[in-house]
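A single chain comes next, written as structure tokens; it is the form predicted alone.
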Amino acid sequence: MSEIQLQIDGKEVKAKEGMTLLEAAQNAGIFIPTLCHHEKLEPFGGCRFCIVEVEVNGWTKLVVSCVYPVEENIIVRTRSEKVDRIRKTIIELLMAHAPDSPQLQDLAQEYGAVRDRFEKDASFCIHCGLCVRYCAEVAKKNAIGFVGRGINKEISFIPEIAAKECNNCKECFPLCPTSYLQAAFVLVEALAFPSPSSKPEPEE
């Protein structure tokens, strides 16, 4: 596998062909923030928060670093006025859904995001897909998935599978940046997985 040389934030970086910009930056000790990325999962590119500025032959473009492959001699800027402005807007949009998320609050402080810029739609889920993808790709249980499309998309446990698999697993819970997943499971558990004490007594 051939080696590729590029520049990230003024630093000469060597990367292997097939790596993403995010991987190359991480290997070089350069931080790029992410919300939907996990090292054990296939790149998703859903949140767009790892966006960076790439210069190729004098032309500049914005790309999502977790899915964009490294290229020879490109110049990458992980923090620029344009990049920071886009990240700020992404945070503000996400905070309309999950205003109390500690992770989003920290990012809001970093990028100067305004908590109440957009009208609240407190679904408490930011659609990062970490739980769905981890359950399918790593745990291989497929107990949780997306339902609906677009702005109506939601995370939902599949009761028949979750009742058998989730209580002894819950590996995806710590991945949730808003704690919505835990609350959703408690609700589904209460509605769909009644406790033994709630089952009717057998007739004599």
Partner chain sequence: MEIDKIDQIIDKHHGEASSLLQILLDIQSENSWLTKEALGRVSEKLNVPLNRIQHIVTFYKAFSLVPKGRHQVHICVGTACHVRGATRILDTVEEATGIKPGETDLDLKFSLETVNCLGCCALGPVMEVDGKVHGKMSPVKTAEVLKMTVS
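Residue numbers count along the first chain shown, from 1. Fair warning: this is a prediction, and the values are worked out from it, not measured in the lab.
Beyond what is shown, the protein has a form predicted together with its partner chain; the following relates to that form.
K.L.:
Considering only heavy atoms, tell me if S156 and its partner chain come within 4.5 Å of each other in the model of the complex.
P.N.:
Yes, S156 sits close enough to its partner chain in the model of the complex that at least one of its heavy atoms falls within 4.5 Å.
K.L.:
Would G148 count as a contact of its partner chain in the model of the complex, using a 4.5 angstroms cut-off between non-hydrogen atoms?
P.N.:
Contact with its partner chain, yes.
K.L.:
Should T60 be counted as a contact of its partner chain in the model of the complex, where contact means heavy atoms within 4.5 Å?
P.N.:
No.
K.L.:
Is E171 close enough to its partner chain in the model of the complex to count, meaning some heavy atom within 4.5 Å?
P.N.:
Flag for E171 set to no.
K.L.:
Given a 4.5 Å cut-off on heavy atoms, tell me which of 138-146, 26-34, 47-55, 61-69 is the interface stretch with its partner chain in the model of the complex.
P.N.:
It is 138-146 that comes within 4.5 Å of the partner.
K.L.:
Would you mind checking 35-50 for residues with a heavy atom within 4.5 Å of its partner chain in the model of the complex?
P.N.:
Residues within 4.5 Å: none in this stretch.
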